[in-house]
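Read the single chain below, which is given as structure tokens and is the form predicted alone.
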């Protein structure tokens, strides 16, 4: 799409952030997080999310993040408590001196991390969607923790047994479950991707990236991105809305090269500018096609302010939204 103006059938995204503005926010966040020994992190994250949301525009209106540092700090304290108890138990087992107790400790450690992931994913989805809105309408996530945990643990087990081959089906099933349970007004969401298609896409793209010494990687990323968007089906009052994008491997390659150079040459100080360039690139190359009626949206979701899952997802380095 050449224009940044939406019409009745084409609804565009844009990102109006500025590298200098984001740099100022991040500098303050870094300094306050450092001098508070990390305790300022929840407020730092909230500030960054609020900025990035407000600068992301869809069909002429910005997204809003309503989460607060206080909410995230409460989740942060719960997470610290869980981690302290968990590692204390591991330490006690290790201090017993017996090799078998050390083995048990390691098993408990990895099992704990494994079981924590679906909890983190579920909690983060509930919190982040509930605290995100567009034109006053909040998003929501109605998945069940137990169902997600069963799906996740089954996928992990089968992926291990098949030496990773089942991973494509596992990721597809996870996406299908999550997207199906996302809510936004009277919109319904569905993911129609298939594990077999995703498997061959990853296999061929990974192979070409390896034999080209990484040169093909941007084209591989674009293929993955296209496949994901093409299989998200959104419906409003029986009318389909379709995600479209015109990214290309060549343009993505140029973006990555410039971002790498400006970040390396400035010893990381220009990372906010690289981040802004990335967000603008994505927004400029994606749009929604169909008869979308923003005025027909009605609030259907309740507020959810427990950010424990959000903080745990951060701790485990799980990026969802």
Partner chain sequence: MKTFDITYFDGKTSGAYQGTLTLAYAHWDIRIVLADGAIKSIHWPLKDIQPSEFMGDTNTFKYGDFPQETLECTDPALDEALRETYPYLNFFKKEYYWAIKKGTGTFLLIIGFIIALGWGVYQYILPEIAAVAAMTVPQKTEISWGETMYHNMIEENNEQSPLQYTVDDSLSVLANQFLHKIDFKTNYPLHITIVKEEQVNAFALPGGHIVVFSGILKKVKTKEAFVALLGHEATHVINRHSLKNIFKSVAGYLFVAFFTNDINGVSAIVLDNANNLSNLGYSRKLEAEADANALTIMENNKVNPNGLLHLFETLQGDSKFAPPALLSTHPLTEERITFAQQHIHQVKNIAEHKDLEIIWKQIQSQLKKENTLQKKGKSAK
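Numbering follows the first chain given and starts at 1. These numbers were taken from a predicted model, which means no experiment stands behind them.
There is also a form predicted together with the partner chain; it is not shown, and the following applies to it.
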property: Which of 210-218, 129-137, 243-251, 165-173 lines the interface with the partner chain in the model of the complex (heavy atom within 4.5 Å); result: 129-137
property: Contact of residue 65 with the partner chain in the model of the complex (heavy atom, 4.5 Å); result: yes
property: Contact of residue 299 with the partner chain in the model of the complex (heavy atom, 4.5 Å); result: yes
property: Exercise: residue 30 in contact with the partner chain in the model of the complex, heavy atom 4.5 Å; result: yes
property: Contact label in the model of the complex: residue 47 to the partner chain, heavy atom within 4.5 Å; result: yes
property: The unique member of 107, 77, 95, 158 whose heavy atoms fall within 4.5 Å of the partner chain in the model of the complex; result: 95
property: 21, 43 and 55 all contacting the partner chain in the model of the complex, non-hydrogen atom within 4.5 Å; result: yes
